[in-house]
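This document opens with one chain alone, in structure tokens, the form predicted on its own.
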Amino acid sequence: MYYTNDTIIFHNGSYVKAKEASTDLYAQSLHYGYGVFEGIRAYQTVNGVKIFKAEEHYERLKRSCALVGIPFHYSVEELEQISYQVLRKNNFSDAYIRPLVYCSPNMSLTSPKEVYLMICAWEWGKYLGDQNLRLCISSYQRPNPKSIRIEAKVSGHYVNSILATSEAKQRGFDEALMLDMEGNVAEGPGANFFLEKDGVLFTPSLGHILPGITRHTVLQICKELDIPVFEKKIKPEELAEADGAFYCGTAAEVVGIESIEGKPFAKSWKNTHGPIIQEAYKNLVLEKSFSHVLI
């Protein structure tokens, strides 16, 4: 699904076939989840193949490394150049790019002596599909921000996400909605959350969530389109009174939410701001103007 016999990746300074790449089974990242990664998308835009917000993603990758004590010395410019090379070598235009920083063999709970870089890409549709989602409230909370670096995109953190998504699917839902340790709405296992009420959008404030790059992009779109949006703590009880909601993330892009715990929203998706933002985001990543979008 992710690679073929001919797929090329960047691995520790060289471009190699994915099927020929290997790693050490004693790697600290494998045993303890001590590594960081990013999810980035490239699009065939009107101006050629472009990686959307590459600089912001690679700045976050470097920041994630710094936050958890993983030494990493590639520059943002080098990482961007490598990513475009991976796309060219695989003849990809619309693709998902996965950089992974992982650590050398080390069975002690200390920072690594050596760090490795892998960058791969594959053609991938929207992570959560094109249909509006049926969510459930997860029994798994987002981690306590005093126990981990919640703002870092760390590999091991995503065990929490796997548990939440697996539980949701076992219950017959499409995806989960997770609360924080204080019982407020936080985010999805791999996407940020926006709620609409009376023409105003609300999104959980920072502190207990990953500061998503797509989340920030949606905030910028709302500003440009004069859609009022506020960051605040959202109580679960507010979900029942909402007019609509959507998830956003690099892999998911912007996807509508149909219902939460089987309860649909007060308005249909087409009568909320969601489709407007969805279309504006699509135009933005394709480098098209979205000035024609009317509210």
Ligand code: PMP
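Nothing here was measured: the structure is a model prediction, and the numbers come from that model. One rule holds for the numbers: they count along the sequence shown, beginning at 1.
This protein has a second form, the form predicted together with this ligand, left out of what is shown; the following refers to that one.
S64, R149 and D180 each touching this ligand in the predicted bound form (heavy atom, 4.5 Å): Negative, none of the three is within 4.5 Å.
Under a 4.5 Å heavy atom criterion, is L210 part of the interface with this ligand in the predicted bound form? Although this ligand is absent here, L210 would touch it in the predicted bound form, with heavy atoms inside 4.5 Å.
Can you tell me if L79 lies within 4.5 angstroms of this ligand in the predicted bound form, counting non-hydrogen atoms only? Outside the cut-off, so no.
May I ask you to check whether F72 falls inside a 4.5 Å heavy atom distance of this ligand in the predicted bound form? Because no heavy atom of F72 falls inside 4.5 Å of this ligand in the predicted bound form, the answer is no.
With heavy atoms only and a cut-off of 4.5 Å, decide whether G249 touches this ligand in the predicted bound form. It does: once this ligand is placed as it appears in the predicted bound form, G249 has a heavy atom within 4.5 Å of it.
Tell me which of 113-121, 99-107, 165-173, 150-158 has residues with heavy atoms within 4.5 angstroms of this ligand in the predicted bound form? Only one stretch passes the 4.5 Å heavy-atom test: 150-158.
Which residue, N192, S83, N90, S138, is the contact with this ligand in the predicted bound form, using a 4.5 Å heavy atom cutoff? Answer to the contact question: N192.
T203, N184, T214, N132 - the one with a heavy atom within 4.5 Å of this ligand in the predicted bound form: Among T203, N184, T214, N132, a heavy atom within 4.5 Å of this ligand in the predicted bound form occurs only for T214.
So which residues in 52-91, when you check this ligand in the predicted bound form, have a heavy atom no farther than 4.5 Å from it? The stretch touches the partner through H57, R60.
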